Every structure is written in structure tokens, then in C-alpha cells.
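This document starts with two versions of one protein chain, written out as C-alpha cells and named structure 1 and structure 2.
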Structure 1
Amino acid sequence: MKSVWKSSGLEARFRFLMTGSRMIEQSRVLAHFCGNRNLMKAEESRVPLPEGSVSPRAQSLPAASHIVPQSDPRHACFFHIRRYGSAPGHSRVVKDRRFAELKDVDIAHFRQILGDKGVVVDSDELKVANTDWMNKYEGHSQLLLRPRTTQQVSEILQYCYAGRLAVVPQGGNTGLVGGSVPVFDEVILNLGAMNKILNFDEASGILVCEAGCILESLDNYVGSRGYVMPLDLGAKGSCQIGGNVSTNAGGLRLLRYGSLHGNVLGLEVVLADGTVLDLLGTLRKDNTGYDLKQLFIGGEGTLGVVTKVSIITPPKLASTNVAFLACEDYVSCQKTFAQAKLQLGEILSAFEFLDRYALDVVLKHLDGTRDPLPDSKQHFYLLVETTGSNQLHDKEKLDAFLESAIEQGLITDGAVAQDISQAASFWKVREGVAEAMGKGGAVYKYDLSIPLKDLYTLVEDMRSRLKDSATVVGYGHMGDGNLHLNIMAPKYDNELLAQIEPYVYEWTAAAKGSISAEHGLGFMKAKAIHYSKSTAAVQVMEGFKKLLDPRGILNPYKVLPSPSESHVISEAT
């Protein structure tokens, strides 16, 4: 069905979705980047820890006061980085000398806890776990552990804490900032085998599950019961809920349902010394004391290992519409968003944007994608989604919004999906940008929160700054002020990087933005935290780290800057 509106000589074509009460199940997952990492299912078994137990390793270690970090360059180790989006070919990183080296006695002890199947020393499996999905970061761990219960996680961490073995908690390993892979030879603690759904209250929509549950599996589970997960990511076929919580993942539903800080009701967390912290509440309101769970949401596994999650899931609504719109300039995008909030109100569930450069990259490098508006060659494109309970009501509101936007000259062309397949194809264009960028050459990726009025100015400034040396692409979640700035070049180049950093961080700080909107800091941005947080705030964070992990064994070199500048040595030295 076609409809043509005319206003001041402007014509725009829109194709309408006529689905009655059908819910569009958007097939948004473009690729399962990491797979399930050989997830195992097993019945929970609890083995009590012997009181006062000390690891064999701890008995042979010198006292803590005699183990100090070394800054002598002769002790330097190297973190190999491939296609590193925020550094030259590889950076030199000094290993923290407090940490012990893995020995056969340690592996034997872990086998006693987990059995042979839970202890991985195979080089091929370790290669996968040591490398992030973008092939940017590669560690050198010699051991991967797969606990099946919280008790096993507790025993592992108790042993590692006593023996000063550094640990990297790992979920689906879909992160973008090097937070889920080792820097050196840290023990990898993969939570994928802890993948049981423990309880679901169909009256309240409250889900309790283990940290290793795949996000898409959870969405399917609650979907069959009339609910949806409050977050949706392109990597949902591989990412795990524990990792989502630990990184405070944002994604495509944040505009409608908010962040995990509001949706997570409770957590079970194992601290560095093996202490199990039971914060696994299921209450919407609990105002007793400090809300400790918030420390671990976005903590990236540096303060504790999330083992169980309690989360509120919203109802699955019956009516969804998806529109793909064209705008001449960024100011029109801003005004269109303002109109969408005003006229669509409670049914507005997503408002995404991409520039023409991003669309061209997707059409060139991603198989199976088609231009939703082949006759329109504008500079900007918007993907607008509504979700509600009444198809007729929602369609009327969407029609009124589109007509108003045309009359005001905000949009020049657009299409509204007619069926589930077309809606999925629209989303594939938006979600395919990250994957397509990776196929186009070297990519420097930045995830930034910037006030909406200034959001695209950074993209324009970078184009002026870099000129013909790189292609600058801008896209992201306009609904929550999240810019994904991608810079493409034929190859990684130190001179190009020097033009990008620290300029990007300085620009963002001057605009009162954040250098990390949803990806976290990980290893990539740990030293850049001061661009977004004050010295006093970072000192408080360091105080929490020292309190909860005095020996620093949990995900070292991540989130916070190293205690000494000697921990990271620039390539120039």
C-alpha cells in the first residue's frame, strides 16, 4: 500500500506496515561472532571449603610486603595486540610483578575442584579464549577454567587469591575494549557452563538465572512467556548475561527500558578472596542500606565475579512498526528526534542514526543488504521503531508523526516496513555497520556519549583534521546520545593514530561527554579515564578496588590506570 503526502511541493514515499496485532520478531543478530565456547551443562554440586585452607602455592610464597611491582624496563613483558583500535601495532606493557606464574601444582589443584573437563590446557581452545572476537587483542593464558557452580568459583578464587594468581573473568568474549581477554598469562575464568535459568515469575516478569546464560536464549525463554529482555545487542547470540551486567551493556532497547542499573534487581557475586556476596534480591523496592550491587554493574569484573542475576523483564507488546527515513542534515535529525519524542511518546522504542558513509560501507561489504531508499542520496538516515499494545493506535500516531515531519521539511524520504522480513532488513543495515567496517580495512573505533546538539560535530571535525588519510564514519544510538565514531584506513598507522588520540578524548571532555558510552573501559581506555572522571572520583574508585580486591588479582590492567605510569610504556620510548 502506498501513500503520498504533499506539503509545500515536497513529496515523500512511505510504505506502511499492516500487521494487525502481529509482533515483528526482528532478526537482528547478524553474526554469532564467538559461538557458545563449548558451553557445558551440569547439575550443581556443592563442595564445602575446608576452613583455614591454604593453597599449596601460598605456602611457598614470600610475605606480601616483600612482593612489590617492578618498574625496571628489564622486566618488561609484551602484550601482543592485533588490529588494536587505540594503539600502534603493539604496545609494551609491564607485567605486575606481584602476580605469580602458573605451575603444575596449580593445574592439579583446579582439577580437584572442577574435574578434567573443567580445566582446559589445549592450545587451540586457549587460542580462541585468549583472543577477542575482533582479533584486536591477544593474551597468553595457559589455562582456562569452566566452573559449573558458585561454590566452584569461590574455591577457585580463594586459591588464586592466596597464591596471587591473576584472573580474567570471561563470558561470551564479545567486548570491544579488551576487557575479557588476558593481558599476559592470567587464568581465564569462563562462566559459560553456568547457564541455568533458576526461576521466572510470570506474574511480575522477574527472571533469576546464572551468569553464563546466553542473552538470546534468555530472550527466547521469556518471549515464550509473554515478556522480553530489557536489552538487545547485535551479539546477543553469543554474549552472556553476566558479561552484559559486568559491562553495563546498553544496546538497542535502552531508549525504551533504560540501563541495567535500573533493570537488575539483584546479583550474586564472588569476591577476589572467594567470599560469596549474596545480593540476589527480587524486590522492586529495597531501601535498606547501600545498594552494593551497583558497584558490580559496569565493574567489568575488576571488583568481583558475577555468578547469578535477578532482572526485571518488560511485557512483550503486540504491535511493532519500523521506519527508515532520510534527512538532509544533522540538524534535521535532531529536530526529527524531538518531534518523535513529542508525538510518539510512550510507543517510541528505538531511534538510531547513521550517516551516508556508514550506509555505503554496509552496502559495499555486507552480503545480503539492500538500500531501503535506493532513490534517496541524502547525508543522514534514521531508523525509528515503535512498540505498543494497539496496532491501530500506534499506526495512527506514526502516520501523524511522519506527516508532521514532512510538512516541516525534516525528512525527505522514507519507508515503513510492510512485513517482518522488511523490518529485519532495515535493522540489518543499522546493525551491520560494525561488521561491515571490520571488512573495509583498519578501523579505529570510539564509543562516546556526547550532548545531542554536538554529537555529529566531532565527526565533522575529525574529517577536517584527517582529510584524505582516512574515512570517518558516524552512527549510533541517537535516542540516548551515543556516538559510534569509526575511522577507516588502509592499514594501522602510528602517524594517523597520533592525529586521532588524544584529540578524540580531549574533544569529548571539552564537550562534557564520556569517553565510554556502553562498551566500558577495559584495557583500551583504562589510562584515559581521567578525561571523563575527576581525580577525586578515580581515587574513590581505586579505594573500592583496594577494599574488595587488595591483591589486585581480578582483571588487572583494566578499567583503572595502573598504579605507576611505568605499567604502560609508549611506543616512542
Structure 2
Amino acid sequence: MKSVWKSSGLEARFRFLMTGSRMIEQSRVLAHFCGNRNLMKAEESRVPLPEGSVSPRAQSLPAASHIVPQSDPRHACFFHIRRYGSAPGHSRVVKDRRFAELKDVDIAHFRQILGDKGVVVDSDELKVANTDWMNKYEGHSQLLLRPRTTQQVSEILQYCYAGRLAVVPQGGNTGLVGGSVPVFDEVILNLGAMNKILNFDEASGILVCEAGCILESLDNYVGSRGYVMPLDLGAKGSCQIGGNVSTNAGGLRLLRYGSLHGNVLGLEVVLADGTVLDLLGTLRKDNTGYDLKQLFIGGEGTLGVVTKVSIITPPKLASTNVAFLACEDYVSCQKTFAQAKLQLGEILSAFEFLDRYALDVVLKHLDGTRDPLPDSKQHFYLLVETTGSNQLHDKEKLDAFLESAIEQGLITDGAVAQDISQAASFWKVREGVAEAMGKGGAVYKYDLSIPLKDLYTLVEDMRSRLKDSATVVGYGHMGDGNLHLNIMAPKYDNELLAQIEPYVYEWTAAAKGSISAEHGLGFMKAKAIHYSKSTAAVQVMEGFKKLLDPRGILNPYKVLPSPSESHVISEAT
């Protein structure tokens, strides 16, 4: 493949080849996942605990300031540098003393409910479950429970609620914001053993399954029956559908199929006190009362434990194409997106963008990448993917779109992948930005949703604000209005940071943006919610939390700012 379409000519010289959608997807997923992993690792680092504290893991890490010792080591502290992406700051949370300590009699009771196999006290197994997959957060729960039925989940929670034992629900533990591991010694309620497919209606494409089903297994299952899951994530080999629902996972198919708020048809949820809430409808239309399930989609396990999921799966389509395009300015990117929606319409499946700064970083730091358009230097690049049911039709639509885009001067150059490896190489350029940035220096990273018209203005504003002190790049899921703002400097520097924050959050808030596009708030951003949600909205959320979990045992310290001073001593951002 090489660049074949120049802005100087209108002839349709794009080369074009249909490729197997599966292979493209996999390459992209791998790239995406690697990118995220590096991004998240750069965002935060653990710092040592003071004497008297009990996190053995943190003690091996370098020292940091702002640490206040706890006099009572039983109330184990969790200290970390929280950077809201990459900005230093610190937060300190102590264990809520209203919660009970786990006792032998509790464990004996759980053995009665689950049998020995469902009760894990082995320290090696617990260590894994106490630690998030980025190796960034570590709790020290002494107990992991593996229920196999909703009834068992209900009995467990009923007991925990009565005895005020805090609980952290856990799926595949692939979350990126510390939502799925204990902060202190919460009992881990792992749903992995509830992994049965309960029903699949081949006429409607409606799947009903238990929460512990692995996303990839579900995709394979429905895939062999002519459907696909409406979401796809880098972590699909480990993440569980219950966790996907609880975090309202976005992923790679959101532009095409929309969010889980539209695709999840029903849920079974166990409330904090053990009440089983049967909302497991399998209906596309049901207007009988408030749509309660929606609160548990993205509730991050703080309002209830999702035990079963009903979800609509779209038909699997045969043809995928990937094009890499150059634009002179951001306005052209926007217009190209509008044009793509019109002309590619029903087959458009991804619309990604990166600026020249990002491309340069990728080409410089990431081995095995090459410029898809080596003869063209522009300010912006777009990656456009189509997925449809007919290869020839898709090709014709893509050709027509590209021709009109170049005729209108929206794009100045472009290339269409001719095979799977070329498609993967295009995706690698786009998905490799995060990894490449990490290799280029100290990076301040922000994952934001911003209305499309303002999306790149923040990048420009930041660039002009920081002048020569840093390299500011912008890229992301343009089709979803999801910007990755990355700021690269030779080293982390408080002066530079003060230029970036809270400016970036204030800017995002003023633009009615979101400080967490798709990862959720978890533990990491619970106290930052006010940047994206009004005080009135947070108060209503707190009201819902209190209504559904009056004792606050479900996934404490997550999503919402801690409700009382009693267990949040101080915070500085």
C-alpha cells in the first residue's frame, strides 16, 4: 500500500481491498489495549506508606510527600499519588469505621452458603484479586467469595448487610480506575463462577447470560450464530459482561451500535441488603414504570451487584474497510465526518483522528510504524472504517465518499488499506500514539469527552498556553467526541503542571465535557465528579446510593465523594 490519491487530481486512484473483519479487529484490539495499558501506567504511581501503615506492596515504591501517618494500624491506609491523568496531587482516605472487621464466624457462615470451593482465603489467590490488572491499586482483603447462583449472592449480601461487612463486587478485574479491587479489607465478591449462557434467541438476537461470562466467549458464542456483541474491548479475553455493564464500557463498536444504555434490555441485580431485583426483561419495548436497570449500567457496583444480563446483539456483517486520510485543518475533519455520516451512512463503523504532532511522535518512537501517507504532510489525519453486509456495495460507497471529500477539498490525500496487514498498520498508527508518547518523555494524559466543535480547541488553547515548554498532541475517537489530550515534556514538572491543571478540567467543565469518557470514576476519580456533574446532580446520586444501600457496604470509596467527613479526613488536588 502507498499513498495514491493526491489533492492535485480527482481521479479515483485509491486502492481498495476488502479484508476479513475479524483479523482487522484483532490487530486493532491489541494495539488499543497496549496503548491503554501504557497510558494508564503513566498516569499514576504508588507511593510508600508511613510507618504504622500496612500495605507491604507500597513500601517498595519511591517516597512522596503529603503522607500523614495513621496512628491505628488496624485502619489500614491506602495512599497514592492521584494525578487525574498525570497531574500530581494527593488524596487520603481512611477506612470507614462503621464497617465491621471480618471474623472467623463470618467465614464459617460463608462456607455454609458456598461450600469450601466458593470461599477463598489462600493468600496467593487473594493477592491477585486484591490487585488491579495495571498493578496500580492493591487492597488487602482477607476473603474472596465465588457464588455460583443469584441465591448465593443474595444470601451473602444479606449477611454482609446485616453485619456491616463491606463488599467489592469483582468481574474480570480489568477496570482502569481502581473500581474493582478493595481499597481496604472489603470482602471480594467475584462473579466469575456465574458464567452460564441462559438463553439466546436466534430470531431476535437477544442474549441472556450470567454476569460472569467473559465478553470474548459471548462474542464467540453469538458469532457462531451470525451475531456480534454490540461492544468490543481490548480486555475482552478477561472482562466479564457484568463488569462491562456495571462500568458502562464503551469500546470499539460504540459509534456503530451505541452504548450499553441502549443495548442492555434487562438486568438481574442483587441489592445491598440481598434483595433480588428482577429487571431481566428481554424486550425492546417496555414502558411500564421507571427504567431502573439504567442506574446499574455504569453504577460501578455501588448500587447493586449485577448477576444476569439481557442484551441485544446485532447481526454480524461480512465486510470491513479502513482508510487513512489527510486534512488541512480541524474544520475539514468535522466536515469530513459529516460527509462520512451522509455517504457512508449505515456502514460507517469508526471515525478516528490524530494531529500531525501525534503522527510524528508515533513515527519517531514506535518501531514498525510508517507514515501511511509519506508524500503528504498535513495538520490532521483521519482513520475511517466501514463495516457492512456487502463488500462491493461498501467499496462503492467508500469510493464515492472519498471522491466527494476530495472534490470538496475536505481531504487532501488518502489511502485505503488493501489487505489485513495494511489495515492493521493504519490502526497501529492511530492506536500507537499513547505508547509512543510514553517513550518520548514525561506525559500528562487526559481522556475527555468534549462536544465535537470544541474538541480540538482545547488542544490549541493548551498549546498556546504552554508555548515551547511542552509538546501538545490531540487524537482520539472523533466519532464519539472522545479526545485524548497528551502533553509531553522532558520531565514531570510542577510549574508546568500548574499551567495545565485545573485549567484542563475547568475548560472541559465549561464546554460541558466529561472528565471520564468511558472508564468510569472508580476510586481514582470519585472526588473529581464535580468537574463533570453539578452539585444538585451529585446530591441526587447520593440520594440514590443511600436509598439502595443505606449502610454503604457496596463498593465503598468509589464513584461518589465520600459522604461524610468521618471517613475522609483530607483531600488536596
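Whichever C-alpha set is largest while still superposing within 1.5 Å between the two forms counts as the rigid core. The first residue in the sequence of structure 1 is number 1, and each one after it adds one. Predicted model, so just to flag it, every value in this text is computed and none were measured.
Asks: Pick out the form predicted together with another copy of the chain: structure 1 or structure 2.
Replies: Pick structure 2 here.
Asks: Can you tell me which of Val222, Gly513, Tyr257, Ile188 is located at the hinge, considering how the rigid parts move between the two structures?
Replies: So the residue at the hinge between the two structures must be Gly513.
Asks: For the rigid-body motion of this chain between the two structures, what is the smaller part's rotation angle in degrees?
Replies: Turning angle of the smaller piece versus the larger: 17 degrees.
Asks: After superposing on the rigid core, what is the C-alpha displacement of Asp468 between the two structures, in Å?
Replies: Spelling it out: core superposed, C-alpha of Asp468 shifted, distance 9.3 Å.
Asks: Once the core is aligned, what is the C-alpha displacement of Tyr357 between the two structures? Give it in Å to one decimal.
Replies: Taking the core as reference, the C-alpha of Tyr357 is shifted 7.1 Å.
Asks: Align on the rigid core first, then pass along the CA displacement of Trp507 between the two structures in angstrom.
Replies: Its alpha carbon moves by 3.2 Å.
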